[in-house]
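Just one chain follows, in the form predicted on its own, and it is written as structure tokens.
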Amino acid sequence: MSFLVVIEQRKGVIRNSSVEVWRNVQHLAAISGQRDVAGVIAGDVDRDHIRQRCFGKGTIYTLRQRGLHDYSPQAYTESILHIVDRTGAESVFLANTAMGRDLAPRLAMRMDASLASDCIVGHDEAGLLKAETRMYAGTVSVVIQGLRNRTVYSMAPGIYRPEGPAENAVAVVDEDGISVSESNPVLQKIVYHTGRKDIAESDIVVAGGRGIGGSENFALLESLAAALDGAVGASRSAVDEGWRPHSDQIGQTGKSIAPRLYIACGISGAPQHLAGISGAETVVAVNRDREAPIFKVADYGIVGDIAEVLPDLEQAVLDLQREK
């Protein structure tokens, strides 16, 4: 059984979600008795950056051809299938990002493979790979094992956090002998420019819900997030009110995130929202309603008004920073 990781990049920078997948698959390979893990990156990414982010045993193939710098479904599918054939990969792993959710079923169909989406991958008692995924807003857990010899896994975020540098440096190979199809080119790329950090890539997220009272109160969250060098997110109810863009939405119909610290402000804790923060390492809830469901999953809870609590939290953070 051979493993291949599809590593996602944006503007030449490897995404944290893909680093998590790479490290997780390195761990799975070690348990399975495999020597190396193969990876593939579509786009022009610096070799040193690859080695700094994806250390361990294995070879990463880079596809630098024109037409692969930005995601194109057909071009990416064809090019990655070339690497699948070259490596003989039977298990293909991707991060469960927007690109991963689009690309994984395409690869599975062309490979005649099983597909496990938004999953955690581990081993069963026989040492075979198994995938666990949650359904119905996280209320049901399902274990999946491949029905075919090949399986494509799109992996949930925050399951295996990247470690520090290791002694083993990956081999980086430029795969030049691939012709990229131009039958389905990217005609126009529309980018939503914002000075805010991506909630899916941030280690610290401060999020607000309908309970904060209005869009103007997100200024309190922005200020605290800036002090923490974090990002600001929102629940679906806050997005539905028009207080934040959909790109900031966290939950089943938004983004699944896995920060080291998640601060939920005025968020009641609906199952759909909790499904999107299941990978969070530490959850802090601030809410005026002491009966809010969010307190049942929070590591720390503060009952109070955000107008009083958040400025105090921010001041405490700034005081700690000054002491350093």
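Please read these numbers as outputs of a predicted model, since none were measured by experiment. Residue positions are given as counts along the sequence shown, with the first one as 1.
This protein has a second form, the form predicted in complex with a small molecule, left out of what is shown; the following refers to that one.
A residue is said to contact a partner when one of its heavy atoms sits within 4.5 Å of a partner heavy atom; N287 meets this definition for the small molecule in the predicted bound form. Taking the partner from the other structure, the small molecule in the predicted bound form has a heavy atom within 4.5 Å of a heavy atom of D305.
Although the partner is absent from this view, Q252 contacts the small molecule in the predicted bound form, with a non-hydrogen atom inside 4.5 angstroms. Contact check for A292: a heavy atom falls within 4.5 Å of the small molecule in the predicted bound form. If you check the small molecule in the predicted bound form, you find no heavy atom from any of R15, N96 and P157 within 4.5 Å. The stretch that touches the small molecule in the predicted bound form, counting heavy atoms within 4.5 Å, is 206-214, out of 82-90, 100-108, 113-121, 206-214. Checked against the small molecule in the predicted bound form, the residues Q272, Q52, T282, T59 give one hit for a heavy atom within 4.5 Å, which is Q272. Between the small molecule and the residues S72, T133, T151, S237, the one pair within 4.5 Å by heavy atoms in the predicted bound form involves S237.
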